[in-house]
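In the form predicted alone, a lone chain appears below as structure tokens.
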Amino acid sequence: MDAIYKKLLDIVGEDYVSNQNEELFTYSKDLGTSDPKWPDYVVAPKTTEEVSRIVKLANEENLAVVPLGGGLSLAGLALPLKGGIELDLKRMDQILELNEQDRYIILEAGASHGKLTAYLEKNTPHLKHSEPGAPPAATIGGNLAIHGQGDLGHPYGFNSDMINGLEVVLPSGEICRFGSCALGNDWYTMHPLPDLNMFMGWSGSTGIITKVSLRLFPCKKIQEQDALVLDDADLVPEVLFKLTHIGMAEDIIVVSQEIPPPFNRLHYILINLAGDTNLELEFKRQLIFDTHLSSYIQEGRAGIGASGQDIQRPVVSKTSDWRKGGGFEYVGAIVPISSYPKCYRHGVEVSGRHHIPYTTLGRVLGTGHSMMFSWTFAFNRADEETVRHAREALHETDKEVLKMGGTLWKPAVFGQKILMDQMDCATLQLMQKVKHMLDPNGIMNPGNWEVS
């Protein structure tokens, strides 16, 4: 028997480790345009202690370790680029504690956002978390490790801004806690201790998140989504500035896409409102539309597209239907809201040049401090020519983001490299020191953020 396989079997049991081709194949691919990369072993630990033992073994054997959450990454971020152990965290899915009064919840990092949403709806329907625009199988830890954002991005920011405490297995196998929980206290705050958070945005290359405390927020009884429609991209930043100044919305998204035809060349600003009574909701609606946006409507520069209490969040994965074969990948960027017009126009131009129906989407972060903007490119998985076009469009857009003054969000290896090429030298050197200090053997998700 393979000696390493035997040691992994001793850690997790025979049902939760495999080196069989039919199972390794499943983990060799993601949903995007990346080429398949095969792991040597797949392991599904149940506890933090098992994760620690696996990482220590990997150091002893000089094996790569790649943490995997929901397996929904589109950019190769959880592919075993250099083989080794694929560490599937989905068995670590327990909700450990709900503190209703202090509005936080402690859970294992492999728990899905769908599970957390269902748990809160059942046990504390007056509380909610920031739910990403991803399928329900997306995991808490995976979302945080890439600076994920959700439907409370306005006004609260990234989901990684909503952490009260972390437990992480370092590349050495040591188990560390950060925040008030490091003092043996409740998991209620990351402040005001020295900032040692070196795990967000690194795509699992500095450690494996195993437990997290997330902030919860008031969940109003009535949810509504309204839509303002514009045909002038240059007007969008001005309208968003007014909307964020009012401070009444829970989420603001701008979407424009070639399919279906009613969206083509139009900009739908989706505004999520919430209230505990119809009177509260009506007050917010009137303040937004009758007081602050009425001039745009009266002058014919905007119209009300829809209004309703059955909120349907934009699901970018639906754009995979634009082509046969059901494939899509997107470039995400964090940009100033004032950049919206040129981001949108780039999406129309590059998509048209590669024969792809364009899809663009922006989500306001903070109270108008920035925007997540994404360009989605569909392809047919069975047609290499369409895959090539999508890959070229992705790479062109990665480069264009930096020219427009933006920052790549969830960048694939290609994007990571161009970011590091442009990065301040002292910053890059500090990243190298951090990576080498934490991971001297270079075993954690190698190929991602290769700063040394």
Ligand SMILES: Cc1cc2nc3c(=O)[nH]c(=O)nc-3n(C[C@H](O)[C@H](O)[C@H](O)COP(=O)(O)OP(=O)(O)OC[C@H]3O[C@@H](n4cnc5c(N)ncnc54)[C@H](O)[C@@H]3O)c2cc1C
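Counting begins at 1, following the sequence as shown. None of these values were measured; they are calculated from a predicted model.
The same protein has a further form, the form predicted in complex with this ligand, not shown here; the description that follows concerns it.
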Quiz item: this ligand isn't shown here, but in the model of the complex which of Ala378, Ala145, Ala333, Cys343 has a heavy atom within 4.5 Å of it?
Solution: Ala145
Quiz prompt | Residue among Val43, Val51, Leu68, Ala393 with a heavy atom within 4.5 Å of this ligand in the model of the complex | solution = Leu68
Quiz item: Picking from 289 to 297, 190 to 198, 203 to 211, 171 to 179, which part of the chain touches this ligand in the model of the complex when contact means heavy atoms within 4.5 Å?
Solution: 203 to 211
Quiz item: Would Tyr27 count as a contact of this ligand in the model of the complex, using a 4.5 angstroms cut-off between non-hydrogen atoms?
Solution: no
Quiz item: Taking heavy atoms and a 4.5 Å cut-off, does Gly153 contact this ligand in the model of the complex?
Solution: no
Quiz item: Does Pro135 make contact with this ligand in the model of the complex, using a 4.5 Å heavy atom cut-off?
Solution: yes
Quiz item: So in the model of the complex, does Lys410 come within 4.5 Å of this ligand, heavy atom to heavy atom?
Solution: yes
Quiz item: What are the residues of 71 to 106, in order along the chain, with a heavy atom within 4.5 Å of this ligand in the model of the complex?
Solution: Gly71, Leu72, Ser73, Leu74, Leu77, Ala78, Leu89
